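In the structure tokens that follow, the same protein chain appears in two forms, which are kept apart as structure 1 and structure 2.
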Structure 1
């Protein structure tokens, strides 16, 4: 019995060996996380904190050094057309969220039905989403061009207009042109998400509602919408957040013009920092912009948690 017990005790790993093995595992995990963490800190975290810190200094790209000014930059930004800039950003954001949602929902409802060519259309409608945003912007710049644009050519052939319209240089049409271009790029994502949600709606409920005499519209609001409302809410919130910070389409097509009518937070921060060379006011504007984005993110997180419950 004693010999057997001693043999069993010898087979048990020593506590120091276990501790060393665990320590080696921790080191291995740290080594795996280190490159990604360093990249995150160097590319995202440090530039973000550096930009936000410049909001409290009088700092310019034209000369070295920075002077502490506290909240003066923030006060200057709030007093210098901040409300108008916010309203213009919200107009673009709301328009570029509602239009692709309506188009995406309509296409999702159509593609949820069984018909010939359904699979081909599902793939074809994804093409605008797969094209990079800058390429989409140049495509729509060509469409809206006043001299050789496709849109003016078609409208003049149909005798709907007599002279070409400078869509991107007209204060009445530039904002709408931006919303159309951005919506064309983003509606496929909305369509895919809503189509996936529609696949989860039980067909028996539609059949029961049809037997009760409910028409297509009534069946949509009574059966379909309650099942996809959660996904639709998340899609709308995500699109709103993305459009609230969108840059490339606006920058390429109008650059914030004409006369600043399409200027948003994204383009204003760029112009202030790299055209006006004022890092302090650009940082203050970015600080306020990030605060508004954080509010939207909190709303999104609360909505998603509510949907999970």
Structure 2
């Protein structure tokens, strides 16, 4: 009797200790994760779902209450120039992804060479990326200014144009102007990413290819590109996702104009909600927007999973 009790006594505190220790570790981990998860759920997940849900209601920003309307908002949005909105968004997104990619890639290749001042230039070329987004918008607004803009001045002195062009107020030029402004802001990031990727290209492969008589262009496609293709893909994908929802530059530079030709999903949702006070249609636009974006995010997750293996 006595021995068993002792045995039990000795055993019991031990096993409960282990369980208590495990329990306290679980509690510790939960507490570590709690504040961050709460914020993300409260400020990202809940608003997202609620915005999407309002697609099915007639809801105004000005009055409380919502009436169920089923798919009516989505149908309205699809019939009211959705194709144009989508194509405008895609034009901006593709342009503002490709231009900085080409500039950033060219710059990364140049700055990957050994020459004096290369280190300093790697830092200096980051300036356009460091400048706050609104300042970038102000600056390009001033450059593109119709009356005193420096772009018109230079182009006229070079006799490339005869009369000043209102770049941001002309339906032919406004989109291009936006893409240039946004690209100027984001190419340094592409450059930094690709410069890092270029470090992985083994020097002796270039030497071998050069000995075999391959020129620089041939060597780029045969040697360099295969080594940086992974990072390049990631860069393009992320730029695409960000540009797909970019707001600041468009809102400040053109406000979606002229004649709505530079509206994208971001500015259209904003205008519908905060200028039209129409939460239902804003939600419907958001629903379609999210659907497209979700495809991209799934691709991104797959992509980064593949990289992890």
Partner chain sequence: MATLTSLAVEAPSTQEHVSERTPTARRAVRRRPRWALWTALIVLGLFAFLPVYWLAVTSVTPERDAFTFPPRLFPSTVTFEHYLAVFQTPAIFEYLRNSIVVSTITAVLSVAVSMYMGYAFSKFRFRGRKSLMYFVLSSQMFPQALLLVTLYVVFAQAGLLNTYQSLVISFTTFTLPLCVWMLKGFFDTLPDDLIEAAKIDGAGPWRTFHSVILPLAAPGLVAAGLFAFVRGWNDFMFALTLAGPEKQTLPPGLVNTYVSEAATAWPELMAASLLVSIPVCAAFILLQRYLVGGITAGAVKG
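Quick caveat, the model's predicted, so the values are computed rather than measured. Residue numbers count along the first chain shown, from 1. Take the two forms, superpose them, and find the largest set of C-alpha atoms that agree within 1.5 Å; that set is the rigid core.
> Quick check: structure 1 or structure 2 for the form predicted in complex with its partner chain?
The chain shown second - structure 2 - is the form that fits the description.
> Supposing the core is put in the same place in both forms, how far has the CA of residue 29 shifted between structure 1 and structure 2, in Å?
With the rigid core fitted, the alpha carbon of residue 29 is displaced 4.4 Å between structure 1 and structure 2.
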